[in-house]
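The data below hold one chain only, encoded as structure tokens and taken in the form predicted alone.
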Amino acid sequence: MLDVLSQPWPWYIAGPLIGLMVPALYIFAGKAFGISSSLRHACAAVLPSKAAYFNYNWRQKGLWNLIMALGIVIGGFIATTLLANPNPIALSDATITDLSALGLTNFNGLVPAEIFNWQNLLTPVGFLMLVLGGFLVGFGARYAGGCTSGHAITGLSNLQKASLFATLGFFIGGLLVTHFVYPILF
């Protein structure tokens, strides 16, 4: 069993399992799948604020979401420590060629080591990309009313037009940054 859990699952298994979470969460719990609203709930729980945005019953609306976020953190820790796969990530030759053209050659981890490392965080470009970029992603997710999981998984499965536009925006933004902004920064 541990061998099955520690190996990468093919898209035709993992994708439908993720897709089935959406109706299961609706049917059994009456909740919509999404993670970006956890930040709002966490702020409402810990920040003493009179701002209307944080002034609501976070226990009733968001406690389950905070528990799910905690479960994701615990699951990620278990997956990367106890169930870690020591083999390099299987990438297609075309992907390796494309990433190498961008200067990314270390494919041993889950993220490119050339970008996501402590030394890079201490450089102006790395700080700009990791910290400011992370802030903008978080702000954009809240401004759009959800992140990629909320819009692309839950919103699209509900045939919501706003989620279609948001998901298209996420992908177009990612492509623009990868092909036009990233080569300027690195």
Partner chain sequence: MTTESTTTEAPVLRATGMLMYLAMGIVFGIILTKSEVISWFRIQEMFRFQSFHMYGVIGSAVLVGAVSTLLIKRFDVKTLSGDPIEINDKPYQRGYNQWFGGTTFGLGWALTGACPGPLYALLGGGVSVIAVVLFCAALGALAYGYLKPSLPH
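Numbering follows the first chain given and starts at 1. So that the term is clear: the rigid core is the largest set of C-alpha atoms that superpose within 1.5 Å between two forms. Since this is a predicted model, take the numbers as computed values, not measurements.
What follows is about the form predicted in complex with its partner chain, which we do not show.
Visitor: Against its partner chain in the model of the complex, would Thr123 count as a contact residue? Criterion: heavy atoms within 4.5 Å.
Guide: No, Thr123 is distant from the partner.
Visitor: Leu136 versus its partner chain, in the model of the complex: is there a non-hydrogen atom within 4.5 Å?
Guide: Judged by the heavy-atom cut-off of 4.5 Å, Leu136 is in contact with its partner chain in the model of the complex.
Visitor: Look up in the model of the complex whether Ala45 has a non-hydrogen atom within 4.5 angstroms of its partner chain, and give yes or no.
Guide: No, Ala45 is distant from the partner.
Visitor: Using a 4.5 angstroms cut-off on non-hydrogen atoms, would Gly103 count as touching its partner chain in the model of the complex?
Guide: It does not: once its partner chain is placed as it appears in the model of the complex, Gly103 has no heavy atom within 4.5 Å of it.
Visitor: For the stretch 162 to 178, I need every residue with any heavy atom inside 4.5 Å of its partner chain in the model of the complex, listed N to C.
Guide: Those in contact are Ala162, Ser163, Phe165, Ala166, Leu168, Gly169, Phe170, Phe171, Ile172, Gly173, Gly174, Leu175, Leu176, Val177, Thr178.
Visitor: Could you tell me whether the Cα atom of Gly76 shifts by at least 2 Å between this form and the one not shown after core superposition?
Guide: Where the cores coincide, Gly76 shows only a C-alpha shift between this form and the one not shown that is less than 2 Å.
Visitor: Just checking, between this form and the one not shown and with the core aligned, does Asn117 shift 2 Å or more at the CA?
Guide: True for Asn117: a C-alpha shift of 2 Å or more.
Visitor: Could you check whether the CA atom of Ile89 moves 2 Å or more between this form and the one not shown, using the rigid core for the fit?
Guide: False for Ile89: its C-alpha shift is below 2 Å.
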